[in-house]
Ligand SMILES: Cc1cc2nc3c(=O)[nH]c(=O)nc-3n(C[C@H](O)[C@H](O)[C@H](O)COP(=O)(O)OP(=O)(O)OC[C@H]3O[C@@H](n4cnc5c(N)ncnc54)[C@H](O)[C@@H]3O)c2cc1C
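Below sits a lone chain in structure tokens, taken as the form predicted alone.
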């Protein structure tokens, strides 16, 4: 939709199309509010497409004494596993224990027991050295005293955001990407009366009337609303990851590694047919408006972890498929190391402008309700009910009678990512496109469908967020570009010149921000 055709009066405007803004948008539309969501970039462009893809309680938060944060996270994890099969799935974790290292067996056992109690189910088990080695044959055996198996969950973070947004739109909301909030408008008493928005592609502007604005821009939050606590400000922290083929790191469960340099947990996690290794945790001192990317130092750090715990694999940067980096919004006094900072969130109020920042992907719904509660005085009368209702529209738990030759596993995945729209995606696809792109779990048919229905403005939107083949295939899927263009030409209003430019821009972006630093371009 062009912003000139946008209605002028809204009950609520949400700024920020990441997981926090998407969760607020979804809950507000479920309440019956008339809601507009805007993001100056693409949906999930920031932190919410660049996470470690985990929906987890956070064992390390127990170590730091954050019992309530861990409990809330575990409860939300269990809820999402029930509500979003195919999008949020259980993943097994292995945690080796080595003699003479910390944390030891007993402290880990106590932490995992608390984890189980919060989930109300025993989910962890200790294995001796022989049995644990059988679970992960390539793991370093020297000093191994056994290890634990436990369970958490993982997701496609960008698809989680998009499903929330798409279902909110289906419930009557309106969402616009590449639309910036340029100014919060106030009356003489300082109360919010509206917002000036701008289409960042056409530079067209429009004034929107509203008495309630929620700033859910994460690491960018203080641009609209400076911290009211003069001692605590947003501290952008970069977390980076490396992606490998599963043939390079052949694991079928996630492995938790304690990095030898600083004792931080680093994960190797099977995801979408590949293996993610991450994450780092360092201060981000570059321009926060620019696309973040991994550094040579971070690359070496992650490779050191892999080669310490999987020495026989001899993994190098040359084996890497891609990299990605995100910026975490952490509120800080600047006294702690990055890894010691709290991942909890804060909510600020200022006469109709409510800011929420910090937090974790897992607890997005709790954040949404707390933020809407803070915004309630500025909203029209509305019933705050349904907090325990399912956040997503229900989808079939069995495959359709006409299955189009797709397995139950593929149907589960499609329903998880696209909700009810999965039926249309498959029915409108050519038979040849109901096959997976090599090295991924993604169907070719997902490309034209998302290009047509999900506000794709650039090729990077399509390949890095609507589907993830920009992360999962060599050179961002360069070898498939011609087929991608052919598939999507009828869905995207681009002439030949525009396609050439989009391809050039995408490949330049990929080389700059998603490849190993220093690799031959």
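Residue numbers count along the first chain shown, from 1. Being a predicted model, the structure only gives us computed values, none of them experimental.
Heads up, the form predicted in complex with the ligand isn't pictured, but that's what we're talking about next.
| said: Residue-level contact is defined here as any heavy atom of the residue lying within 4.5 Å of the ligand in the predicted bound form; does residue 450 satisfy this criterion? | reply: So residue 450 does not count as contacting the ligand.
Taking heavy atoms only, is residue 15 within 4.5 angstroms of the ligand in the predicted bound form?
-> Residue 15 belongs to the contact set for the ligand.
_Within 4.5 Å, heavy atoms only: does residue 274 come near the ligand in the predicted bound form?_
No, residue 274 is distant from the partner.
So in the predicted bound form, does any heavy atom of residue 395 sit within 4.5 Å of the ligand?
The answer is no: residue 395 has no heavy atom within 4.5 Å of the ligand.
Taking the ligand in the predicted bound form as the reference, which of 70, 460, 473, 51 has a non-hydrogen atom within 4.5 Å? By the 4.5 Å criterion, the partner-contacting residue is 51.
Checklist line | Interface residue in the predicted bound form among 374, 317, 224, 425, criterion: non-hydrogen atom within 4.5 angstroms of the ligand | finding: Here the answer is residue option 224.
Quiz item: What stretch, of 403-411, 163-171, 107-115, 355-363, brings heavy atoms to within 4.5 Å of the ligand in the predicted bound form?
Solution: One stretch meets the cut-off, namely 355-363.
Sequence order please: the residues of 443-472 with a heavy atom within 4.5 Å of the ligand in the predicted bound form. Contacting residues: none.
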